[in-house]
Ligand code: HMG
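In structure tokens, the next block holds one chain alone, the form predicted on its own.
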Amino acid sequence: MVRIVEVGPRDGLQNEKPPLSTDSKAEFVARLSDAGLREIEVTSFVSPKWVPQLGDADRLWPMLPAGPEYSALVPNTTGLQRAVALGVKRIAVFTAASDAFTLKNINMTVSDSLAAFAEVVSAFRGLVTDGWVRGYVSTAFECPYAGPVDPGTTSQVVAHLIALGVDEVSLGDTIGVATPPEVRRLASVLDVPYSRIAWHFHDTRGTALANVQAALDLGYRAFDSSAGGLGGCPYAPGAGGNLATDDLAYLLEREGEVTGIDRLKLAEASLPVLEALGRPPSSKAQLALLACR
């Protein structure tokens, strides 16, 4: 079985400027749940000063419908305390394979970020005995500031995160440049069980599904995606960002995988959010399905 980790409510919205109401976000999550998504990353317990769009995490979390496994990004111990107080049991921490990227985004080197997250993970384990932790590695293939990243460098960051005690590492093609040979090259140097790796592809240059296929052929079974392709690429204005869950679900089902997703409900789930943001649907599978409605 292939796991789809829906990241639209968090990664899909975090860079969007038009503010969305908490009620709209809760309704979006409810629609995703009704469509059959079982793992949903909902928000980030980051300071509203840095990510205003996700500044309502404390209000949103209690509004989530029962059913899916929900997770949230936790950037530091302050965010962790807020999350744990609300009963969050699945968290994610965020680093990268490029110092240039982490310095620009969180004002830390990669090593500094790993040291900070060691404290977060340790504290979380002490507070939530049945908790689950994901570690994100952005710029797994290339950095918008420093250029291509050596696969060995990415592999070392993955190994550090596993040593910190994370349950799963998500490898992010942050600027959407990777191609299938690069996926195979990175996979060849990872010294981690397949079950502890997820892939987070962006479709900036139209290669996301090809990269998914490459990872599937290697035996990987976990992928991140965003309903309706929400989440543009901030490093390539006008370009697509996250791989659309609609396109991923279509590919997997044509591959014979059982996703448990109602694709029509999924296609409709992101429409109110896209309308509120002033963005037309961009997922090809979504557009095709809505046209046949």
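Source: prediction; values computed, not measured. Residue indices: 1-based, along the sequence shown.
The form predicted in complex with the named molecule is left out here; the points below concern that form.
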Practice task
From the candidate stretches 79-87, 122-130, 214-222, 188-196, select the single one in contact with the named molecule in the predicted bound form, where contact means a heavy atom within 4.5 Å.
Solution key: 79-87
Handout entry: Contact flag, L73 vs the named molecule in the predicted bound form, heavy atom cut 4.5 Å
Key = yes
Problem - Partner proximity in the predicted bound form: S98 to the named molecule, non-hydrogen atom cutoff 4.5 Å - result: no
Practice task
Using the partner position in the predicted bound form, report whether V51 sits within 4.5 Å of the named molecule, counting heavy atoms only.
Solution key: yes
Problem - Any non-hydrogen atom of N105 within 4.5 angstroms of the named molecule in the predicted bound form - result: yes
Problem - Residue among L251, L60, V46, A35 with a heavy atom within 4.5 Å of the named molecule in the predicted bound form - result: V46
Problem - Sequence-ordered residues of 1-22 touching the named molecule in the predicted bound form, heavy atom within 4.5 Å - result: R10, D11, Q14
